[in-house]
Every structure is written in structure tokens, then in C-alpha cells.
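A single chain, nothing else alongside it, follows as C-alpha cells in the form predicted alone.
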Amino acid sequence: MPGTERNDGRELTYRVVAMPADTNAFGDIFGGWLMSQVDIAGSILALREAEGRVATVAVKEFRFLAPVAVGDLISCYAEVQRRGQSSITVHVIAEACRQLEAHRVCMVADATLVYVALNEDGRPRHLPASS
């Protein structure tokens, strides 16, 4: 089963099980559901990096690499790729632990998203100095 740390610098930021309510009309997990999980995973890292509120401003790339099945445990691993004055670019990899296939793990998505740090008024703000 996937752990919380990887040897490639990414960290586990989000984990969720794909449920029957997340399927499309054909019984497959809806691609938009997976995109949402990846966005949440990236925003968790961006929120911590920005030390406050962030908003998704761009999905630079999103690749669906394998289907997700009901019951799969989705683990999202994130890494900051770039810090701007107010933006944070995060790379996220999503893996599925195939619960019904002896816990076989396979990569199901790969994405690069951009978040912007926001102030109390919802306007862009400068990121704090990195530690």
C-alpha cells in the first residue's frame, strides 16, 4: 500500500476512496471527479506554502494515465515546482491502490496546477519568504 513519503521529493497530501456515487453513466469513475481530487491535493500543499488562502488559477497540464475503479484508494502526491511573487506551481501525481487486485498500485493521473495566494479581500498577495 502507498506510504506517506516518496523517494522523489513528493509528499502525500490527500487520500480518498473512489465510491459508486463518483461514477458516470457507464459505471466508470468520472474524470472530473479525479481532476477535483488532484486539485484538492495540490491546493493543500499550496495553502501551506502560501501560509493562507489560495485559489486555482490554471491547470497547465492534466494527463489521465489509467482508469480509476470503484473501491480504488487514490493517493495524491504533490511537490512545489515553482514559486512566483504570488503564485505557486504544483505538480501532482495520483496513484490508485487497486483494492480488489491484491493492492496493486498504478499511476492514474499526472498534473501541473497553478495557485495564487489571496488576501482577505480575495485579491492576489505576495507569498511569504520561503523557509
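None of these values were measured; they are calculated from a predicted model. Throughout, we count residues from 1 along the sequence that is shown.
Keep in mind that the form predicted in complex with a small molecule is missing from the display, and what follows is about it.
- Within this chain, residue 122 lines the site of the small molecule in the predicted complex, having a heavy atom no more than 4.5 Å away.
- Residue 100 falls outside the set of residues with a heavy atom inside 4.5 Å of the small molecule in the predicted complex.
- Of the heavy atoms in residue 84, some are within 4.5 Å of the small molecule in the predicted complex.
- For residue 106, no non-hydrogen atom is located within 4.5 Å of the small molecule in the predicted complex, even though that partner is not displayed.
- Contact with the small molecule, judged by heavy atoms within 4.5 Å in the predicted complex, is confined among 63-71, 48-56, 29-37, 91-99 to 48-56.
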